[in-house]
Ligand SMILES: N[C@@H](CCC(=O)N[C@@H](CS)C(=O)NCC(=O)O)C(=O)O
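One chain follows as C-alpha cells, the form predicted alone.
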Amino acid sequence: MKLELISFKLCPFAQRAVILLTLQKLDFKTIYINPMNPPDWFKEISPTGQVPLLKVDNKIVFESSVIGEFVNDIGTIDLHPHDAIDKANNRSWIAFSSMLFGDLFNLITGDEEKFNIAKQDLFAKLSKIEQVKTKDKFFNGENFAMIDFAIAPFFMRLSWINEFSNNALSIRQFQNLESWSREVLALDVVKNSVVEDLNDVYYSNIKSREGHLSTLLIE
C-alpha cells in the first residue's frame, strides 16, 4: 500500500496524520504544496480543495478526522478505547478540539478587540475540557490514545505563542490541561511530527499577519 500525505508545513490537521502514521509504523511520503496557489493536479484530486489529503495507491481519503480513523484502522495498534461509550466520548472531544484552531487563527489575525474576543472564546472551550480532564497522564489514563494526538498540534502551537509572547495565552489556571500538554509534547512522536524550525516559520507567520498578537512578540 502506497501512502502519500499531501499538505502544507503549518497545517495542524496534517500533523495529526503524521503523528498517527509514524506511531503505527506505516511507510508514507509527505508532499507539501502552497495552499494559496495549489497545483492543478491537487485541484483535480481534492474534492474540497483543502488539505490534508491522503492518497492511498490511486484512491483519495480526505477530511482530517476520516484520515485519522483510516490510519487507525490499517495500523497494528487500536488507539481508541475499547468501550463503545468511551470511544464515542473520545471522538466527541476530538471534534470539539478541532474548534480550538479557529480561535487560534482569530487570535493571530485579529486586531486587539478581535484578539480579546478570540482569547475569551478559546479559554471558554479550554475550561470545558478542563472540567472533564482528570489528573491522569493522558486523557484516558496512562495509555495515550487518538485524542491525545488529535490535540497535540494545538498544544504545540499554544506553547510557541506563549514562548514568543511571554505567556500571552498562559493556561496555568487549567492545571489538568497544562499537565496534559507537558506530557503530550514530551513524546518523541509528537516532537518529530513537524519539519525542522517550524517554530520559526510560525513566528514569521504571526508577525506577517500584523494582528494584535504580532505586537506582543518578543524580538
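One-based numbering along the sequence shown. Bear in mind that the values here come from a model prediction, so they are computed numbers and not experimental data.
Absent from the display: the form predicted together with this ligand. The rest refers to it.
Engineer: Give a yes or no for L198: in the predicted bound form, does one of its heavy atoms lie within 4.5 Å of a heavy atom belonging to this ligand?
Structural biologist: Looking in the predicted bound form, residue contacts with this ligand do not include L198, since no heavy atom lies within 4.5 Å.
Engineer: Can you work out whether F13 and this ligand are in contact in the predicted bound form, taking contact to mean some heavy atom pair no more than 4.5 Å apart?
Structural biologist: So F13 counts as contacting this ligand.
Engineer: Quick check on A150: any heavy atom within 4.5 Å of this ligand in the predicted bound form?
Structural biologist: It does not: once this ligand is placed as it appears in the predicted bound form, A150 has no heavy atom within 4.5 Å of it.
Engineer: Heavy atoms within 4.5 Å of this ligand in the predicted bound form: does S159 have any?
Structural biologist: Although this ligand is absent here, S159 would stay clear of it in the predicted bound form, with no heavy atoms inside 4.5 Å.
Engineer: From the candidate stretches 189-197, 176-184, 30-38, 163-171, select the single one in contact with this ligand in the predicted bound form, where contact means a heavy atom within 4.5 Å.
Structural biologist: Every other range fails; the passing one is 30-38.
Engineer: Taking only heavy atoms into account, state which residues of 37-62 are within 4.5 Å of this ligand in the predicted bound form, ordered by sequence.
Structural biologist: Counting only heavy atoms within 4.5 Å of this ligand in the predicted bound form, the contacting residues of 37-62 are G49, Q50, V51, P52.
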